[in-house]
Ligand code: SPV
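This document opens with one chain alone, in structure tokens, the form predicted alone.
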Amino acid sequence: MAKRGVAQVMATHSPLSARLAEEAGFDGLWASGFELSALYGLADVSLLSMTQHLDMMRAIAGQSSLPIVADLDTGSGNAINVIHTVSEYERAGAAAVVIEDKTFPKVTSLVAYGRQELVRVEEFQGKIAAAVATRMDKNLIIVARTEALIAGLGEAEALKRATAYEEAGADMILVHSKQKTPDEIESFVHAWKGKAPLVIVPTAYPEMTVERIRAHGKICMVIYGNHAIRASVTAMKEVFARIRRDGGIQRVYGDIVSVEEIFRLQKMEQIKADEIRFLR
């Protein structure tokens, strides 16, 4: 963030999607609970276990050199749960953790008419303080995510909560919105008087470009929160439909990546070299 001004972080749900994001030039990876839930065919309503998400994050960390921003949802419960959760994710290789101020179990933010209940400010301050006290490496970034705008509580409540979370020790503040334009987020950014840099997730307001983000000067990270899984679904639906329509793979064959490209992503050349070197 210090080098680029705004870190562009791409969602990932697997080591393969992480490798593709790294090759595309993104600055970091978002270990997304939404994407992993979708991969399992589940709604993002706290159905995945921490172990499932943590195991996938370990696998991603083992296959990518990019820093990982871990989506911890509510931190798996109260402040005591947060202590355990942050400890586990730090050991697993997270560079940053994001904890949101919803009640557990949560409901995904952008679903229409979803139940969006927030915990008391003081309770969430305790969770952030617990996260800060738990980390072993001071470079682990603790991001407090407020869902006040998502819950329809307004800008004043969002600013109040963000200020309280910064006072509790949060290094950055993630403010989320489901409005179709950036107006609500930009108003919050202009009104923000804290020192903590801001994080946004412009899923609902896609015209918020990096150039527009940089112009505000307070936003240091943008997370593309679910585009890896959405791109995957788009491509699979199209190809599957074509195969059914064409009665075979003869027409899609030249339009999808080759088996050799998958071998490259699997690092098969290194496997072959290691076989020559070590198999006797």
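Computed from a predicted model, the values in this text were never measured in an experiment. Heads up: residue numbers just count along the shown sequence, starting at 1.
A second form of this protein, the form predicted together with this ligand, is not displayed here; the remarks below concern that form.
This ligand contact in the predicted complex: His176, any heavy atom under 4.5 Å: Looking in the predicted complex, residue contacts with this ligand include His176, since a heavy atom lies within 4.5 Å.
With the partner left out here, check for me: in the predicted complex, does some heavy atom of Asp101 sit within 4.5 Å of this ligand? Asp101 lies outside the contact set for this ligand.
With the partner left out here, check for me: in the predicted complex, does some heavy atom of Gly28 sit within 4.5 Å of this ligand? Gly28 lies outside the contact set for this ligand.
Answer yes if any heavy atom of Ala79 is within 4.5 Å of a heavy atom of this ligand in the predicted complex; otherwise answer no. Close contact is absent here: in the predicted complex, Ala79 is far from this ligand, nothing within 4.5 Å, heavy atoms only.
Going by heavy atoms within 4.5 Å, which of 190 to 198, 108 to 116, 82 to 90, 133 to 141 lines up against this ligand in the predicted complex? Of the options, only 108 to 116 has residues within 4.5 Å of the partner.
Heavy atoms within 4.5 Å of this ligand in the predicted complex is the criterion; list the residues of 15 to 45 that meet it. If the 4.5 Å heavy-atom criterion is applied to this ligand in the predicted complex, 15 to 45 yields Trp30, Ser32, Gly33, Phe34, Asp44.
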